[in-house]
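Next up: just one chain, as structure tokens, the form predicted on its own.
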């Protein structure tokens, strides 16, 4: 396949991750043509010029619409704030481009549905940036579940905690605006739902609650502005398999940096994972002598592909950016018509519908069915 021409919209933290992944994917995997970094778009021409030099793009523009219509661009990476995703993704899709859009799809279910319909009409590849599912350890966990190593799953708990919004005196910023979405639920709770999707399947119904630990935050002029989103969310879930689950989210949890704690309970054992120790998983299997049973810690290594593409020895650890490179390779595989482990718009919409049901449940205080 000819080298893909890449367009990148947005160069914050996630934009840089995308750029590094596009730069590294051919070197790491060795089985794809090196992508051509064609055009970069930012909010101004000056900033775009600076970022293009830093990240290795051939050209720069202050107009994202010019990027999506550029014939040199085959794939558009969208790494802007959530509210901009629908317009950019739909424009790129209608221009015949493949899309790699950071999560969530949109800040409203209606916009996410429009994105899906555009993708269906065009027939191009459109995937979402759920890189935690790309961890080789997650692939191992999925294999262990498929093999029945812990028996049928009857309960799963996922806790996701960070402290980037823990300080009540931190300045108000866009993640506290209602235009950014519900808050913790769709800011990073969608990651928990992406893990549910690949490990144990979809969600049938939900019951939840959302909370604001701080009612307002300071702004630069010395006044305070009301917080419009919810930094805490707790949800009971019933899976399509009939198993029960709990999702607990908190982006104001002092001391927690990147915690996604996953516990999966089955009839014959348990699996435990924590994103802050992302290169290991604990496995308990109820077999053998009861006196010597216990959790076994498994460190990721070359026996857990595609770890072997990065490092030749176990225990040396992959990082967040490496998962983005794996995700990039999976996207290229999907474009090439290969089987690929991605959350595309078709599976992503089920996550968005689940988020919508959770938010409606929090408002009503009742169980809510997830739309199919």
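The structure presented is a predicted model; accordingly, all values stated were derived computationally and were not measured. For the two forms, the rigid core is made up of the largest set of C-alpha atoms that agree within 1.5 Å on superposition. Numbering follows the first chain given and starts at 1.
FYI, the form predicted together with another copy of the chain isn't displayed, but the following is about it.
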Practice problem: Verify the contact flag for residue 114: yes if a non-hydrogen atom of it lies within 4.5 Å of a non-hydrogen atom of another copy of the chain in the model of the complex, no if not. | Solution: no
Quiz item: Does residue 278 reach another copy of the chain in the model of the complex, with heavy atoms at most 4.5 Å apart?
Solution: yes
Quiz item: Heavy atom to heavy atom, is residue 82 within 4.5 Å of another copy of the chain in the model of the complex?
Solution: no
Quiz item: With the cut-off set at 4.5 Å between non-hydrogen atoms, does residue 241 touch another copy of the chain in the model of the complex?
Solution: no
Exercise. Could you tell me if all three of 36, 86 and 230 have a heavy atom no more than 4.5 Å from another copy of the chain in the model of the complex?
Key: no
Exercise. Counting non-hydrogen atoms within 4.5 angstroms of another copy of the chain in the model of the complex, say which of 255, 96, 201, 218 makes the cut.
Key: 255
Quiz item: Pick from 248, 122, 90, 109: which has a non-hydrogen atom within 4.5 Å of another copy of the chain in the model of the complex?
Solution: 248
Quiz item: 156-164, 99-107, 179-187, 71-79: which one contacts another copy of the chain in the model of the complex at 4.5 Å, heavy atom to heavy atom?
Solution: 156-164
Self-check item: Within 4.5 Å of another copy of the chain in the model of the complex: residues from 282-314 (heavy atom criterion)
Solution: 283, 284, 286, 289, 290, 291, 292, 293, 294, 295, 296, 297, 298, 299, 303, 304, 309, 310, 311, 312, 314
Quiz item: Would the C-alpha of residue 242 be classed as shifted by 2 Å or more between the shown form and the other one after rigid-core alignment?
Solution: no
Quiz item: Quick one: once the rigid core is lined up, does residue 201 have its C-alpha move by 2 Å or more between the shown form and the other one?
Solution: no
Quiz item: Fitting the rigid core first, would the Cα of residue 168 be found 2 Å or more away between the shown form and the other one?
Solution: yes
